[in-house]
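Just one chain follows, in the form predicted alone, and it is written as structure tokens.
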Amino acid sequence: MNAIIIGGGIIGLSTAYYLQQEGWDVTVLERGDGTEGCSFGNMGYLSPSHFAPLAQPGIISQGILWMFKQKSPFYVRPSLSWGLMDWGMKFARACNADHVKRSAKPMAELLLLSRDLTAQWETSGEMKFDYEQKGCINYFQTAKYEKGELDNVRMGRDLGLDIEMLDRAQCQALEPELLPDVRGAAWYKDDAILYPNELMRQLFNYLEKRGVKIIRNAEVVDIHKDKGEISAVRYRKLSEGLTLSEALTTPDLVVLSAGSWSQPLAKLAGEYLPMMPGKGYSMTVDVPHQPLRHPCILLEAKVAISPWAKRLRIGSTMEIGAMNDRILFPRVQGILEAVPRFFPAYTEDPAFRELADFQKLKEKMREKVWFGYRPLSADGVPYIGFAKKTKNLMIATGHAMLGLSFAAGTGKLVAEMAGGKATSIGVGAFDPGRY
């Protein structure tokens, strides 16, 4: 049995890993060179704490307020695009308490499954990527955000998560070098962190050594169907300055896991997938000494910080709209300005001072600032399962900013469903045919 996976990000490679384990002959088509995209610039979080879908009560009204602030973490680029309008209407309908309640349990189950499977990759000795389960601390400075976090904590505890509420003194005891200036925090102890760039590098190597064929710089341009099944996937590839057009024929299975590029590719197969790309930014600096001990999220600013032994990564924002290569400097500036508000000691840190020199940063934007596109489903829940109209097509996308967190579990579920096996967890909530 042969499988074609369209997309060589963390979802596609995780799917290749488990399909290959089940005996499939796997080919991955990756539109880039395998050194870019959200799988490389993300925060490295494995986040059972993010069990609530992106579509939830209050996010629309908050988002509208944020749109009028240049440095806010959220922006929708106005457009008359039918795709944006359709996605927006579906997303708005999903922003209710019933949807959150229905989705929280399957989301938490998939996040926990993924974390455990990812941990096995390292503990087995197959790969090494600085995996640590030390939780994630969500800091808040105001009573409003404390109340919202308490609601999330109650729901998380009902789902069986290990969460500790911290007061200001406890927060400062956990970060004695930085002494966070906060009202308090929630410490989600089930969360883990790894270095995603190393994971991706090793996953590529691991798969190729085991016979998975990975074709880089391969852009899918057409999908042929015959009697309700995909009969060929055509792609063009840049090789030695020449653009070559080739096709993979008679696949037993095609898995679409192309992230934010999945929607137009699904259309080639006659499938409709309501999705929008959400641009996010991150900045990474090398640090000779790491003062931050725990991964954390600054709730009011919607900024995440990842501390590794020799690196610090800061990331945020969600810009929804058509893809482009523009970097909105005010939003990058807003991310960096938030950090010393929560951690005043960072103003004395040489590495952070260099990053926060906004004039120099603006001059070297392309060098210092990474950006990538998260695939946003219409209800904040991933699409995982068989397509509506195409027998041998499976969808694995729409994971928003949680691609790494969901990846191993998604790959495992795809392999189980493709082989007609019972799945590790229930998959009904992820059905791509729900729209």
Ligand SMILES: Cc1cc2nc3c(=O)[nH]c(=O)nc-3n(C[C@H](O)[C@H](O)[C@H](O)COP(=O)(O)OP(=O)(O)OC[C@H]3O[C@@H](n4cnc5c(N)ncnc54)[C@H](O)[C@@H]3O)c2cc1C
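What you are looking at is a predicted structure, and each value in this text was computed from that prediction instead of being measured. For every residue, the number given is its place in the sequence shown, counted from 1.
The next section is about a form of this same protein that is not shown, the form predicted in complex with this ligand.
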Proximity to this ligand in the predicted complex, single hit among 220, 276, 94, 203 (heavy atom within 4.5 Å): 220
Heavy atom within 4.5 Å of this ligand in the predicted complex - residue from 395, 408, 378, 29: 29
Partner contact for residue 265 in the predicted complex: this ligand, 4.5 angstroms, heavy atom: yes
Touches this ligand in the predicted complex: residue 55 (any heavy atom, 4.5 Å): no
4.5 angstroms heavy atom contact with this ligand in the predicted complex for residue 11: yes
Proximity of residue 280 to this ligand in the predicted complex, heavy atoms at 4.5 Å: yes
Contact at 6, 45 and 403 by this ligand in the predicted complex, all three, heavy atom at most 4.5 Å: yes
Residues from 367-383 in contact with this ligand (non-hydrogen atom within 4.5 Å) in the predicted complex: 370, 372, 374, 375
